[in-house]
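Only one chain comes next, encoded as structure tokens, the form predicted on its own.
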């Protein structure tokens, strides 16, 4: 863990509210992105991200440092998203998937439209992968985690994370053809 992360974490454990804000600001985007990819719904991802931070910040004293703080937090985010997905499934609500995240406007509206369509196609295909493959691809490609960290985040070995990633990429290529 980088020294700066260790210092902020130590201050947060001591009850410094400013340090808690730093941790949230530093990791909010990653936690939200992971939750959105698990759930396939950006609105639910906001709820899952909030749940993840509540759970993580309430359990800072249990963080042992075996993995990086980021990996530990992303694992909590995956669990929060899965838990929310189970709750939503029990409610039998149907959500609409929306492609988000590409900047609006720009010099070439036709290119923007094409990029949005392709991004939507990739997101739809990614959502069809089995969960562990989808998570391995998401954490590796979008979050840039190492295979070791991917394994820790999804609860498997580094080797299994590699296998899930490679099978997921292979399946994505097949489905996108």
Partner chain sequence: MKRPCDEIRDVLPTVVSGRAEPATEQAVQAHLAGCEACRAEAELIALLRRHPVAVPNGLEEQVLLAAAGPRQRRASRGFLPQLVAVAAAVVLTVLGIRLVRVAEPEPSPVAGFMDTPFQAFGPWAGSGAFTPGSVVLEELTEEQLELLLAEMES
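Positions refer to the first chain, counted from 1. Quick caveat: nothing in here was measured; it's all calculated off a predicted structure.
Here the subject shifts to the form predicted in complex with the partner chain, a form of this protein not shown in this document.
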Practice task
Decide whether residue 128 counts as a contact residue for the partner chain in the predicted bound form under a heavy atom distance cut-off of 4.5 Å.
Solution key: no
Handout entry: 4.5 angstroms heavy atom contact with the partner chain in the predicted bound form for residue 39
Key = no
Practice task
State yes or no: in the predicted bound form, is some non-hydrogen atom of residue 6 no more than 4.5 angstroms from a non-hydrogen atom of the partner chain?
Solution key: no
Exercise for the section: Indicate whether the partner chain has at least one heavy atom within 4.5 Å of a heavy atom of residue 149 in the predicted bound form. Expected result: no
Fill in the blank from the handout: Applying a 4.5 angstroms cut-off on non-hydrogen atoms, the residues of 11-30 near the partner chain in the predicted bound form are 12, 13, 15, 20, 21, 24, 25, 28, 29
